[in-house]
Every structure is written in C-alpha cells, then in structure tokens.
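Next up is one chain by itself, shown in structure tokens, the form predicted on its own.
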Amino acid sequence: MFNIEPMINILIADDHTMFVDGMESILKAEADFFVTGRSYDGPSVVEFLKNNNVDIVLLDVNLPGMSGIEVCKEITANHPTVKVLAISMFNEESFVSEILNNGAKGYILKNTGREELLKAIRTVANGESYFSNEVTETIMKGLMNQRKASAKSSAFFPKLSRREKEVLKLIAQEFTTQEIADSLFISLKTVESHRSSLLSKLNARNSVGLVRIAMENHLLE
C-alpha cells in the first residue's frame, strides 16, 4: 500500500510577476504541493482567503495596498489555521521581529535556494518554525542588543536600599505616610526621608511618577 503525502495548498503573494512565475514553476514540480493561487497585493490576499482552501501563504513583506505585516496580522486574526512563511529581500531586525510578532511562522530571504525553499515550506506546514541562516543571525543579534541595552540601563540605574524598596512598594499600594510608618514600624520623618531619597534617585516629581518609573523598570517585582 502506497503512503500518499498530504497535499499542501499554497498561495503565493508577491508583486513581482517574474518572481511568482519562478516560484510557481519550482512548487509545481513537487508532488505534495498545489499552488492554489497568486496574489499581487495585500487586499487580494485577504479576499482570496475568504473563499479558498489555503494551508500556507508565501508572503512578501513589502506588498502594495497592505503591507505584508498588515496582511499577516489579518491572516492570524481571521484564518488561524493558515500558516504564513514570509519571503523578503530585507534582512532587517525590525521587519523580521514585526512580522513574527504578528503571527508568521517563518522568514526566508528571496535569494534562498530551491532546496531550502522546499524545506522551509514543509517545515512550516508541519507546524514548526523556519528561518534562513542569515535571518537567524539577525534575530540573535537583535536579542543580544536588547540584553546589552537592558544591562546598560541596569548598570546606570540608581541602587535602592532594602528599606527604600519596601517604602516604594507601599507607595505603589496607595498607603498613606502614616500607614507606611505603622507598617514598617518607623517614624513619619523616616518615611518622608525615604520618599525624598526615592524622588531624587528615580528623578520623579511626585508619588505618581515614582510608581510609573518603578513599574517601567520592574522595581516592584
């Protein structure tokens, strides 16, 4: 008995006809692929998905009418079973992170070879993620830059004493000065001293500012 591979229905979405022609020629040679349609702008992708069975959209990031990122967001919201494999000439962290945050399962570059293209489609169709090696490096560099920025921010952030942190948490819980003093068994004057120190260290104007800065920098965790 023959083991028949399930058919993968593919929509190609790109505004360059020659690129689409080449892509379709490659895909049609594969027994488990069926090119169910082609779209040359964002809105036509959205319309096509309303009336056609599609498993994967090969989606250009830079489409006319609606950007690939907007289209991906629309697909994720209204067609959760449809998987998006982004294909682009842009290997920039902002493009990659934004379309991934909007639901894309993979990202490959347009200079990707035939074998990697086929592997990427089958991997995404199987519910896994796939990225070109260059894209993976871009993602890793982005994460490293974020960590460095976070570390740099922490390095220059003023150190708070244990008592100052306790006072700060109670301020965030809307305790009055008297309630803070009673809770920590300290005098009103000491509470005010800690509050003044917090305002100075965190460069805040009032208690509302203290709470905002504390939340932004995860000081209340």
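In this text the structure is predicted, and so the values were computed from the model without any measurement. Numbers follow the displayed sequence, beginning with 1. We call the rigid core the largest set of C-alpha positions that still match within 1.5 Å between the two forms.
Although it is not shown, the form predicted in complex with another copy of the chain is what the next lines describe.
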query: Contact at M7, N9 and T123 by another copy of the chain in the model of the complex, all three, heavy atom at most 4.5 Å; finding: no
query: 4.5 angstroms heavy atom contact with another copy of the chain in the model of the complex for N111; finding: yes
query: Interface membership of L188, another copy of the chain in the model of the complex, 4.5 Å heavy atom rule; finding: no
query: Contact flag, L59 vs another copy of the chain in the model of the complex, heavy atom cut 4.5 Å; finding: no
query: In the model of the complex, T176 touching another copy of the chain (heavy atom, 4.5 Å); finding: yes
query: Answer range among 30-38, 176-184, 43-51, 65-73 for contact with another copy of the chain, defined in the model of the complex as heavy atoms within 4.5 Å; finding: 176-184
query: Sequence-ordered list of residues in 11-31 near another copy of the chain in the model of the complex, where near means a heavy atom within 4.5 Å; finding: D15, H16, T17, M18, F19, D21, G22, M23, S25, I26
query: Core fit, then V35 C-alpha moves 2 Å or more between the shown form and the other one; finding: no
query: Large Cα shift (2 Å or above) at H16 between the shown form and the other one, core-fitted; finding: no
query: CA of I180, rigid core aligned, shift of 2 Å or more between the shown form and the other one; finding: yes
